[in-house]
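Read the single chain below, which is given as C-alpha cells and is the form predicted on its own.
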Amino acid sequence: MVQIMSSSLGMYPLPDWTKDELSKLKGHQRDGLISGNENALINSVYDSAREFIIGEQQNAEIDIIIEGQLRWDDMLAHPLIVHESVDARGLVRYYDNNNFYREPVVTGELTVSGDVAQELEKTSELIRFPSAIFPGPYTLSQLATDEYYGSETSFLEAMGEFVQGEVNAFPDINHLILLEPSLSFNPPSTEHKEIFLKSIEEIKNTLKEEIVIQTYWGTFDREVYSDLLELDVGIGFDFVTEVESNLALLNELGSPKTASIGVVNGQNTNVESFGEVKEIVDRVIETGADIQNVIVNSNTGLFYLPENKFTEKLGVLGSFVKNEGGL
C-alpha cells in the first residue's frame, strides 16, 4: 500500500490582516524589506501570522505542516539576503516570471546564520516536528553572485557547506525539502553536478529525517535524476508544468521511495478538482512498485495567490488525502 500525505512547498501569502500592521511598522520602501535585524514589534506580527498560517494548515487537515516562510521577501534568496557576509543589491528577475528578488552578492565567508532555524524553533512551539523548507545549494549558487570564493566550483562547494550548516542547526523536523528549481531551469554541467550530488549526500548523511530534492518549472535532467535515485533520496516533481516528461522519467528510469508531486498550481487562481488531482496521483503510482510514499503538493510556493485562493488550494490537498487514504 502506498502512503499518501499532503503538504505544500512553502512561501505562503501574508494574511491580509497583517499587511497594514507591517506597513505601519516597516513602511513601503525597500528599507522595509526583511534584513534579519527587525525589532520586537515587527517580529511579533510575523509570530502571530505564523501561528495563524499553521492553524490554516491544520484546518485543511494537511499532514506535513510547514512554517510558511512569511518573512521571505526574496523568495529562495532569503537565507543569503539576511546573512552578514552578503550584500543585498539591485532587483533581479526571478527566473522568467514577473517576480523579483534582491541580488545576494556574497562578499565574505558563508558561516551559519541560524535565521531559518529560529523560524523553525518558533514553529516547534506550536506544533511538533514541522517540515523544513530550504533552498538547495545548486539553486542558491545560481541565484547569487560571488565576490569572495573566486570560482564557480568553489562557490558551489561553499553553498553546499552553507546549506549543510544551516540544516544542522534546525530543531527536530519531519522532512527536509530542498527546493532546486534551477536543476530543471538551468541543469548543471557534469562537474557541477558531481559537486551538487556530493553536497546532497553529505547533507543526507547528517540527517535522521528524510530529505526530498524538489524541482519545479520543468523536469529533471535525466542524468541528475538517475544519480538522485542512486542516492536514495526523496524526489519532487512539478506535474503542473510537466506531466508526460516526468512520467517518462518514472517509467524509464525508476521511481524514488518517496515522490513529492506538485499537483496544485501555485501561480494560478483556478482551483483544481478532486478528479484532476487523482488522475495525476494514480498515474504516478502506476509507474512502479518502488514508490512507498506520495506527498501531494503545490508545484511552487503559494505566495503568488490571494489569501482566499491559498486557503482553497490547501483545502484541495488536505481533502484529497482524507478521502483517498492509502492506495
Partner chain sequence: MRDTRSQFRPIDHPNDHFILTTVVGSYPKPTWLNQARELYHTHSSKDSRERYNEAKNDASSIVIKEHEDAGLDVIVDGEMKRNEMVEYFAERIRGYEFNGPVKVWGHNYFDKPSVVEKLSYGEPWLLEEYKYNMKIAEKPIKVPITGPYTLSNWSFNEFYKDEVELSYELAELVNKEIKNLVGSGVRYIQIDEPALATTPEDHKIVRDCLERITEGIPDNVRIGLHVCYGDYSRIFPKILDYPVDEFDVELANGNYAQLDVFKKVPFTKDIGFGVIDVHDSRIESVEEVKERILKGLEIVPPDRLTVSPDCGLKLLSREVAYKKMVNMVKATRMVEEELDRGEIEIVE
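Here the structure is a predicted model, which is why all the values come from computation and not from measurement. Numbering follows the first chain given and starts at 1.
Missing here is the form predicted together with the partner chain; even so, the following discussion is about that form.
Visitor: Is residue 270 near the partner chain? Define near as a heavy atom within 4.5 Å, in the model of the complex.
Guide: So residue 270 counts as contacting the partner chain.
Visitor: Is residue 41 close to the partner chain in the model of the complex, meaning a heavy atom pair under 4.5 Å apart or at it?
Guide: No, residue 41 sits far enough from the partner chain in the model of the complex that none of its heavy atoms falls within 4.5 Å.
Visitor: Test of understanding: in the model of the complex, would residue 11 fall inside 4.5 Å of the partner chain by heavy atoms?
Guide: Looking in the model of the complex, residue contacts with the partner chain include residue 11, since a heavy atom lies within 4.5 Å.
Visitor: Examine residue 22 and determine whether its closest non-hydrogen atom to the partner chain in the model of the complex is within 4.5 angstroms.
Guide: Answer yes; at least one heavy atom of residue 22 falls within 4.5 Å of the partner chain in the model of the complex.
Visitor: Scan 227, 73, 157, 146 and let me know which has any heavy atom within 4.5 Å of the partner chain in the model of the complex.
Guide: None of the others qualify; the residue that does is 73.
Visitor: Which residue, 205, 98, 190, 151, has a heavy atom that falls within 4.5 Å of the partner chain in the model of the complex?
Guide: Contact check passes for 98.
Visitor: Indicate whether the candidate residues 175, 233 and 282 are all in contact with the partner chain in the model of the complex, with contact defined as any heavy atom within 4.5 Å.
Guide: Contact check failed for every one of 175, 233 and 282.
Visitor: The chain here is shown without the partner chain. Which stretch in 241-249, 112-120, 133-141, 99-107 comes within 4.5 angstroms of it in the model of the complex, by heavy atom distance?
Guide: Single hit among the candidates: 99-107.
Visitor: For the stretch 298-314, which residues lie within 4.5 Å of the partner chain in the model of the complex by non-hydrogen atom distance?
Guide: The stretch touches the partner through 303, 304, 305, 306, 308, 309.
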